[in-house]
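What follows is one chain in structure tokens, specifically the form predicted on its own.
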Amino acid sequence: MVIEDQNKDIEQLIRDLARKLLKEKEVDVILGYTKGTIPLTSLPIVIDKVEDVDKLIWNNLCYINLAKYLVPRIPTLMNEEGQKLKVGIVSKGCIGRALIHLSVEHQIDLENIKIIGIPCNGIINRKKIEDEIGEREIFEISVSGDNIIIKGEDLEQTLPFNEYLNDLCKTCQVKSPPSIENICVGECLENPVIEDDFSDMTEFDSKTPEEKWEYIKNLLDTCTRCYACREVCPMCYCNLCFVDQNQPVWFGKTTAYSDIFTFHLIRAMHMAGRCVGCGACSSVCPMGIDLNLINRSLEKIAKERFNFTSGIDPEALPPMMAFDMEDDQEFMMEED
């Protein structure tokens, strides 16, 4: 089936399930996607009326991880009697994984959530599109068949869909959310298994330490420290982020490379064993920095050392929340 038809089917699935859940009062609100106000974007939307269901959409620009909007905001979603509202949330695979991981970290209660599972067919890489089009203004973007159609003033260009997908989407093994009994409706995966394929890291791992340093330096060199990556990440939910603390001050707040590198290094360590590979951080970066390399490196370490993959098993504790006397300690040094 071509991408255009897949999108129509997914959108219809979302609307049918949302309408059913609202009519039968299984949820109080639906959190999903709606059309963006400018090209290459979509917007999150919360609806609580059946007549608003047709505002829900699906296209290949729905890059935001909606789980972000439940933490830390879900405690504020109350009715007039002060009771917690039950939320239905449109969930592709990475959103479902984020919800599971957040529940393991005791940030959300899955009993108050209905996961509306959809089979994600990939997210378009906005940066690749912008690089291709250059400075020409885009008025409209759509998918026709298996092609992306770009229109603007004195501009109409056709691009092959598969060549402009996010790299993460090309290798994603969990297109739909993992199934949880009585919580997941729609298309959900029973007992998903992610095979250990880190072939995309082979080239980077083969580099010398000096070459790796130069690569990372070039990758982060254009960072302006706008913190868009932090703001969009569902796992960044601290009330006070380390970069905003002034007692103590952990590092400077300038755009000197030492400060940029320190920010990304510390944030990456906070993401160890927690990233669900949604790619939202890279999608929102105004400078087009792809943070996937850093996150994938830590995902590989978590898998190799602890045999852990985030957001798959609601009963499995992540490495940073668990301790085992049998854990490898190869980093410990012994005196001769």
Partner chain sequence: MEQKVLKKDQIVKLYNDLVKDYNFYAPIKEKRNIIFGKITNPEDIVLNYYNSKVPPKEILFPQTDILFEYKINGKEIEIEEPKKLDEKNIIFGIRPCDAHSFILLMNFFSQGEFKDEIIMNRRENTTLIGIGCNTPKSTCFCTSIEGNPFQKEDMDIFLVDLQDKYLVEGISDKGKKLIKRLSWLTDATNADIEMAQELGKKAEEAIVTKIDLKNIDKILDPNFDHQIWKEVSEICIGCGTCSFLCPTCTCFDVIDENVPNENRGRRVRIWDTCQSCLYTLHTSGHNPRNSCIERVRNRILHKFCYYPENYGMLGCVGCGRCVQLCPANNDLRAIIEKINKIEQKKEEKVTV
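Quick caveat: nothing in here was measured; it's all calculated off a predicted structure. So that the term is clear: the rigid core is the largest set of C-alpha atoms that superpose within 1.5 Å between two forms. Numbering follows the first chain given and starts at 1.
The discussion below concerns the form predicted together with the partner chain, not included here.
Select, from the options 110-118, 170-178, 224-232, 190-198, the stretch whose residues sit within 4.5 angstroms of the partner chain in the predicted bound form by heavy atom distance. This holds for exactly one stretch, 224-232.
Partner contact for K151 in the predicted bound form: the partner chain, 4.5 angstroms, heavy atom: Contact with the partner chain, no.
At 4.5 Å between heavy atoms, is V50 in contact with the partner chain in the predicted bound form? Result no; V50 lies far from the partner chain in the predicted bound form.
With heavy atoms only and a cut-off of 4.5 Å, decide whether S42 touches the partner chain in the predicted bound form. Judged by the heavy-atom cut-off of 4.5 Å, S42 is in contact with the partner chain in the predicted bound form.
Any chance M78 has a heavy atom within 4.5 Å of the partner chain in the predicted bound form? Looking in the predicted bound form, residue contacts with the partner chain include M78, since a heavy atom lies within 4.5 Å.
Output flag, V2, L165 and E203 jointly within 4.5 Å of the partner chain in the predicted bound form, heavy atom basis: None of them does, since no heavy atom lies within 4.5 Å of the partner.
Determine the residues of 228-258 with a heavy atom within 4.5 Å of the partner chain in the predicted bound form and present them in sequence order; the list may be empty. Counting only heavy atoms within 4.5 Å of the partner chain in the predicted bound form, the contacting residues of 228-258 are A228, E231, V232, L240, D244, G252, K253, T254, T255.
Does superposing the core leave I138 with a CA shift of 2 Å or more between this form and the one not shown? Shift of 2 Å or more: yes.
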